[in-house]
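As a starting point, one isolated chain is supplied in structure tokens, in the form predicted on its own.
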Amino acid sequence: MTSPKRSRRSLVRPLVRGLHAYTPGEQPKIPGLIKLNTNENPYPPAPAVLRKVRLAVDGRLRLYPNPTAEALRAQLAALHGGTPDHLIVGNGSDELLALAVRCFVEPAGAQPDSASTVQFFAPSYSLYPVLAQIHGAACRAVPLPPDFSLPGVPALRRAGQYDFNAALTLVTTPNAPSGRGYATQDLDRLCAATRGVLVLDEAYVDFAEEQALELALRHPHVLVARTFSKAYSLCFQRVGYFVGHPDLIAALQKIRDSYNVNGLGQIAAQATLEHLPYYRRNFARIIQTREKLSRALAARGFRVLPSSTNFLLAQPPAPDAGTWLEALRARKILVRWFKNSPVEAYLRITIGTPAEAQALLRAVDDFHPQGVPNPRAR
């Protein structure tokens, strides 16, 4: 006698059935579309990087890559200080964030509350709660002030919402989606007061005034996350890394997937580090375009927040942001709108080339001609 078959739905863990998956930025294939929605660098990798990747497409493709990205870690150690033991390389920084949750956080109910808590400020990277939920951990979202500034330690103590003993705290710096930059001295105070593992997620730091990587070498419970995607034009290759104390890095290495970073990605990242002046010139171009676009949008009635990233968070004049999203899409401009979020009133606009910025402004003027009063300016 055979047992009755279970429904396909019942084969999936209840935790996964109820999970709201991370929603990545749209990747449409529309001819002529100007894509300003996923914070990709508008400029290509350095020509020498492309040459090295092409030259590596040979008989090595049948071989496994170096399992720990040894050569790349050595180059990064030379750049940042420390030793290769201070570094782990991942399939994008997203993989390393997931590893941090698995490595440092107990599933909810297995230990006291703080030991099973993934903490982050809100709003910030929307992947954080998803990673916590996949692991069965508790989420603690600490609201940022209306200006998205980083609360000081005394303010966090008074409010009582920040858990200084949380197993893992994730801080996006500069903040996304607001673009707000945070001072290293303020981050240092937060690191000193927090007793669990704290990750400073510096995905956008190359466009900022300050960077906090030194804190990972100073505090044994702090990790800094970096990526080759946003600033270094390697989204396609998926290469990121953590910098931190060798004890934390060794623990992460234990649970890392075998051969987690593909060989072409390692070669591309190594070549990138050999041509940093090329990228730094592009950072300056992007920052210049960002500042010009910010002023131009403000002149057209947008409320544009200060940015230390390669994007702007801008609240458009009436009508609402959702209507603006569709109006710009109809004019072949794609930006991002975070519906049902703390920044629902805003659009996030990636900084493209100067020509793409001008195309965006023409689309804005076509939908909402200049001269329409901005009620928020009164």
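The structure presented is a predicted model; accordingly, all values stated were derived computationally and were not measured. Heads up: residue numbers just count along the shown sequence, starting at 1.
From this point on, the text means the form predicted together with a small molecule, which you will not see here.
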Heavy atoms within 4.5 Å of the small molecule in the model of the complex: which stretch among 93 to 101, 178 to 186, 139 to 147, 287 to 295? 93 to 101
Contact with the small molecule in the model of the complex for A203, defined as at least one heavy atom pair within 4.5 Å: yes or no? yes
Does the 4.5 Å heavy atom contact test between H135 and the small molecule in the model of the complex come out positive? no
Contact of S229 with the small molecule in the model of the complex (heavy atom, 4.5 Å): yes
With a 4.5 Å heavy atom cut-off, would you call Y278 a contact of the small molecule in the model of the complex? no
In the model of the complex, the one of S233, Q119, T272, T172 near the small molecule [non-hydrogen atom within 4.5 angstroms]: T172
Interface residue in the model of the complex among H219, R238, H80, H86, criterion: non-hydrogen atom within 4.5 angstroms of the small molecule: R238
